[in-house]
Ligand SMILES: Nc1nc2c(ncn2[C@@H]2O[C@H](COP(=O)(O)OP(=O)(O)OP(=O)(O)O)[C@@H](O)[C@H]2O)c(=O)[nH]1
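The data below hold one chain only, encoded as structure tokens and taken in the form predicted alone.
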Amino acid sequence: MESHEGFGVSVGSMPKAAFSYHGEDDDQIATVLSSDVKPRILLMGLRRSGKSSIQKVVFHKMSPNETLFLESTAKIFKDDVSNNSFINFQIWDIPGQVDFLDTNFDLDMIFGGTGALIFVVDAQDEYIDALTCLHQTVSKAYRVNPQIRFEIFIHKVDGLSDDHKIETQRDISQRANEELHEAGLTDLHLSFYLTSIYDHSIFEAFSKVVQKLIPQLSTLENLLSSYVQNSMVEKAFLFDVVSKIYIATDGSAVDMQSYELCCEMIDVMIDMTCIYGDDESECACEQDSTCIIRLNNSSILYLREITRFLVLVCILRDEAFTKRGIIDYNILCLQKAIHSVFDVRTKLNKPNGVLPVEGMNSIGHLANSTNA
């Protein structure tokens, strides 16, 4: 089906099973990430702080209202988040009642292979006990593995006013850092996020966590910045379709409203594909997915499939879209360069994030729409 101006979607280009087309290059990207860069993320915090709800909403598409009926986690739950997704890692949901002072727990096994530790603090509850547990947890984890990135989700803030949110984050941040300073752990850095499963804040926070675990992040950001500069695009996101986590974006600041619009666009495209897509069509799996939505403020949301796992979502002005040919040509150059980023490690045995010659040439071919 041809894409139409106003709202366009190549129906059938993303089958329900994988929301993607199948290609050797994309499988190779998945292989590289699953074999070499598959870190473990720990979800920790006190009981009923919302750890399991976060996992279910972000990676299993559970409705936030359905999480009210989840039972409390009784044992360590390991979830492999790699099926039909660009993101390849394991999430371990650690029960709040786990006592790390117990000699039965192998701390080297738990923290040794961990890339990030997310500690969830319930902002609607008294958090003094949670901060005590946070200090004990990060102290032990840091001594076992100093390379762990510590991320603090100040969760369930949907019921708080804006002023209360800011004050709660300031108080928790100050108390946590003071305890670390008193313990002599001055090199241990904590990152804080205000989150809720009832809006897109939890997806944005998880995006920031995952980005820190991608060695090729700086290269991807440079590619997107080059694309934005040469295509008169205001903002560009590289999304993992399945989880709606954005893998990278250009160098400009992320506006929450723009991010939410992009997430909702992906939802619309997936819903349309699930309704009208033809899973039995072989040719449909080889087409590039495209979606165009015109907003009432003279802006356009433009989505293009990059790999079987990734889509590029751009925000641009109506007048800039008149040069769609140049924009699409630059997307093809970007697509080739992104493939090269992940292909280089297997073919040329070079460090992460180093573009091969052909990848650099792809970016050099970007057309400048301002001169066209």
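Everything quoted here is computed from the prediction, not taken from an experiment. Residue indices: 1-based, along the sequence shown.
Although it is not shown, the form predicted in complex with the ligand is what the next lines describe.
- The stretch in contact with the ligand in the model of the complex, judged by heavy atoms within 4.5 Å, is 70-78, chosen from 250-258, 70-78, 176-184, 263-271.
- Only one of I197, I110, I300, I148 comes within 4.5 Å of the ligand in the model of the complex through a heavy atom, and that residue is I197.
- Between the ligand and the residues K235, H135, K156, K244, the one pair within 4.5 Å by heavy atoms in the model of the complex involves K156.
- Under a 4.5 angstroms non-hydrogen atom cutoff, the ligand in the model of the complex has L46 among its neighbouring residues.
- Remark: Q124 counts among the residues lining the ligand in the model of the complex, judged by a heavy atom distance of 4.5 Å or less.
- Heavy atoms of S53 reach within 4.5 Å of the ligand in the model of the complex, making it an interface residue.
- Using a 4.5 Å cutoff between non-hydrogen atoms, P95 counts as a contact of the ligand in the model of the complex.
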